[in-house]
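Here you get one chain, nothing else, as structure tokens; it is the form predicted on its own.
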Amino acid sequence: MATTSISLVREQSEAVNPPRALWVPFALGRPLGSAADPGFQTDVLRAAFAILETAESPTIVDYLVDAPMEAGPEAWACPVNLPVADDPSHTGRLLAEVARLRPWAAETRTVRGRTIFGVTGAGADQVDEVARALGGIADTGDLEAVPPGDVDWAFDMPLLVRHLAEDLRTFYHEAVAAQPGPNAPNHAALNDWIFGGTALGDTLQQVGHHLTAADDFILTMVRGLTIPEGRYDDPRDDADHWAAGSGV
């Protein structure tokens, strides 16, 4: 049976490589766009079904229309102030940030009656364990040892790194979904926020540096699954730029 799907996170679809997928730039939890615009939702469904007729090999088609009331990077800013915690460790700063967002994420879960957090094997109330695990990897650079804690992790290292990041992004997205305001951020706006100064973004960058420094194909692939394309701040780029400018 031929199938088609709708994807909210393009990086995940690229990793899974489904037969057909329509990537939509909408807020997490809104695969059809605005709930108040059935006409727009119908257009999205038609675009997804149209791939059944055109795709001859596994493909991901981009739906490049923002949903009504969706805000892009230029129009949206997170209304929650996330001051940088006075802590030298990534783990400490990340835990402080998670604590500040926890009430908002809980509100979204109450309204929806569910959560998609927990792909790592962590329970809905174990976000601190996930934060400690990812923060510990950033602080120590250990890409082999399974993070300590009370979670029965669903993946081995180093693939667990990717899913730790995914769970924390889900938690942050759920927190943002409960924020007041007329506009919901689209995928690009959420990534701009996370990688524009949050402790999570800084932690992911540090983990990315460890994965890159290992100079291993598998770990480089894990980095690509952990940090969205175009978001990794590779320190080697600065070094190459300096070398070129200095004639080295």
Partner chain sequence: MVRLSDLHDEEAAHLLARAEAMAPVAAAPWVHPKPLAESTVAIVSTAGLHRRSDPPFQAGAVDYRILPGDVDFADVMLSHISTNFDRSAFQQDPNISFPADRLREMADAGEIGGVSDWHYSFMGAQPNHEALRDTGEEVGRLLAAGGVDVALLIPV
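Quick caveat: nothing in here was measured; it's all calculated off a predicted structure. Positions refer to the first chain, counted from 1. The term rigid core refers to the most C-alpha atoms you can superpose between the two forms while keeping them within 1.5 Å.
The same protein also has a form predicted in complex with the partner chain, omitted here; what follows describes it.
When you look in the predicted complex, the only residue of 178, 119, 151, 143 with a non-hydrogen atom within 4.5 Å of the partner chain is 119. Within 4.5 Å of the partner chain in the predicted complex, a heavy atom is found for not a single one of 90, 164 and 236. The closest non-hydrogen atom of residue 199 lies beyond 4.5 Å of the partner chain in the predicted complex. At a distance threshold of 4.5 angstroms between non-hydrogen atoms, residue 194 is out of contact with the partner chain in the predicted complex.
At least one heavy atom of residue 115 is located within 4.5 Å of the partner chain in the predicted complex. Put simply, residue 104 is far from the partner chain in the predicted complex: not one heavy atom of it is within 4.5 Å.
Residues of 209-231 that come within 4.5 Å of the partner chain in the predicted complex, judged by any heavy atom, are 224, 225, 226, 227, 228, 229, 230 in sequence order. Fitting the two forms on the rigid core leaves the C-alpha of residue 21 displaced by at least 2 angstroms between this form and the one not shown. Once the cores line up, the CA of residue 212 ends up less than 2 angstroms apart between this form and the one not shown. Once both forms are overlaid on the rigid core, the distance between the two CA positions of residue 43 between this form and the one not shown is 2 angstroms or more.
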